[in-house]
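We've got the same protein chain twice here, in two forms, each standing alone as structure tokens: structure 1 and structure 2.
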Structure 1
Amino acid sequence: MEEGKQGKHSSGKRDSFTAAVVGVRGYTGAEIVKILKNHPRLKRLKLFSTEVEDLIQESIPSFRKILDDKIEILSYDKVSDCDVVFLCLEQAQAHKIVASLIEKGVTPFIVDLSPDFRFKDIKKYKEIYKFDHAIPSLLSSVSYGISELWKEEIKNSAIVANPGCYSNAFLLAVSPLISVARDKIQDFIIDAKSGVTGAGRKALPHLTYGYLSENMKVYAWVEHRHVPEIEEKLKEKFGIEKNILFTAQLIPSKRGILETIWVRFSSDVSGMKNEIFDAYEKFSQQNFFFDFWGEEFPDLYSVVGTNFIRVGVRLHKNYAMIVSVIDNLIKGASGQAVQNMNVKFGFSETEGLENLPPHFL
């Protein structure tokens, strides 16, 4: 954002914060509200929609007798006193809102959960998401929002682009491996399975209970929009360019992502097991929400309802098989967004997130 308008974005410890959530009637917006209401440093929470004014308990009945906050139509004067704004909208909306905020001199810290700021390459927005970006000059200063990997960039950014859920589950899972075996990696094959909430609240035939119950559906191959996102971030963070084969499948589950990631190496890596596992153990110790299971493979039940990513690894000759699981609405979206805010504001990364109750005990 413009020089001289960054005071609110400066990183460093603070005691409390005022937040706005735009798009609270969607899955990710509702999850952020749930998390923030239990955040120990929240001073005030404002709820906004771009379409409908309502009470949150009317739009989301599970909040009845818990929250009676009003959802207001977004206006820029109402977010002018906010420290952070979470944008929980579909593609091609957030970039226009941010452009208007800047034009009006309203400059809170922005965490965008849509794809509107994920790419540094301006051409990708038109190519993949079919829109022309409203503020391309800002893209170089936007931080990608995986707290464990882009921490320093997040601290110094005015805008954080939350990652795609598949991208998050992949990049975190392979990061320790890349740190010790990058020169041997040939390519990646990602077999990803997701619950239906990853598609948002759309009334589409293949998302209905009658279709998906006791059923599975492959809905994207290498053309999935998270593939170019993964490719760009692999190059940006690790300086590597590798062939990626990807497939996404819907499973009869409300939430959760399980990725089976095959990594092919140029030579046998079975003798590197101790070095590779040490890298994963170290990364797990350094990052609370990264949980390494060794050779055991985690399941969806272990993460749904939490902000954890759980990872298991096995090696065989010149292959590694990695199983990575996250809750697509929390670590894959809203929990990661709050974690990014915690990093920016100098809070512990775990605040508001470490005691989220798992859905399955």
Structure 2
Amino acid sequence: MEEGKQGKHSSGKRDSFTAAVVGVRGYTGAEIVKILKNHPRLKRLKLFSTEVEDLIQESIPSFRKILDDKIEILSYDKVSDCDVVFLCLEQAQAHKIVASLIEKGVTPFIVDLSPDFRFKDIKKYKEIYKFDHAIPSLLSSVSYGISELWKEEIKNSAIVANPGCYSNAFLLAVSPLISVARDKIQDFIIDAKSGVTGAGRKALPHLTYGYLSENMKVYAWVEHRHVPEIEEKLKEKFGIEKNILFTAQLIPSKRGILETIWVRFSSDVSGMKNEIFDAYEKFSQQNFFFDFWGEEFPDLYSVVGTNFIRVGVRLHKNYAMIVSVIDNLIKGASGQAVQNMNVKFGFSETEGLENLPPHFL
């Protein structure tokens, strides 16, 4: 595949769009359909699945009567020209679909929710995800997809690699801090907790109701695949290389990520409180979906159902503790993907996303 072909289709601004969602039975695929269905600029939506027969009836019955005549359901071999294609697949699938689209001369804007385009470093795909990349020559032109931090790159790229959910909750939460205290930061210790949908829709023993209800489990220690992603992006965006200690726990909730991030500094930062909090306030004002709570720590329910990331920060001697919460399926995946499309197509960044209702009890 020639690099030029994909690069050619990076024209941005438009008034409306047609979209394809590939892998629609999965959690992130279904969530994108929900969001796009109410996007005011949507003209037509094509849904692609390995299971076309009775897709709604059998696999996503909660969509009955919701999907209307703007929507078609097709098999993967019919993925064809649309303004934007959202790939919502298991790892090591999306890169093959993109390669075959380009072979066919079809070059839509692509937002890949899987890890297939996240690394610039080609070796990482084999090391971490155990596959050989089909189109390594394109990787340097792919933008990482956190709209608040990679906006100009997204506007100028034909492929956007949506971030891992833990990576997104971390990188956004520390970005204002890095802007004012980068030289003092020694390590980041990330204690992450995720609801069960973070693992996808597959039926695995540790994801059953019987096992997980009223239970918690540490499932990753130090070596989680989002750690090398975080390391690469800290270097790419902020030019820093830091020690990252990471642990992930499964909690008995359906959705949501809560990260408790400890930052260790080389000296006492309590005197920098105003400067640090001003940086967070400014970032919050510049970015609608970033909500700074000052010294109050946000909870999961404040974000579940929405595209918001909410962040609280406290300083103690040479430590900061940051709490970052997102809905893993929205800001951690499908909402972020639509936000990236909005940026690319020159729509308001919040279109189709600002009215998603939070869950609260």
Ligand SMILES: NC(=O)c1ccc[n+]([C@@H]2O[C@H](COP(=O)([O-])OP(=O)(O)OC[C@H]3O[C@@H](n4cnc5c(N)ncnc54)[C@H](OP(=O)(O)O)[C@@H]3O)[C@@H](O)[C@H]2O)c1
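What we label the rigid core is the largest C-alpha set whose atoms superpose within 1.5 Å from one form to the other. Numbers follow structure 1, counted from its first residue as 1. On a predicted model such as this, the values are computed, not experimentally measured, just so you know.
Note that the form predicted on its own is the one shown as structure 1, not structure 2.
Core-aligned CA deviation for residue 54 between the two structures: 2 Å or greater.
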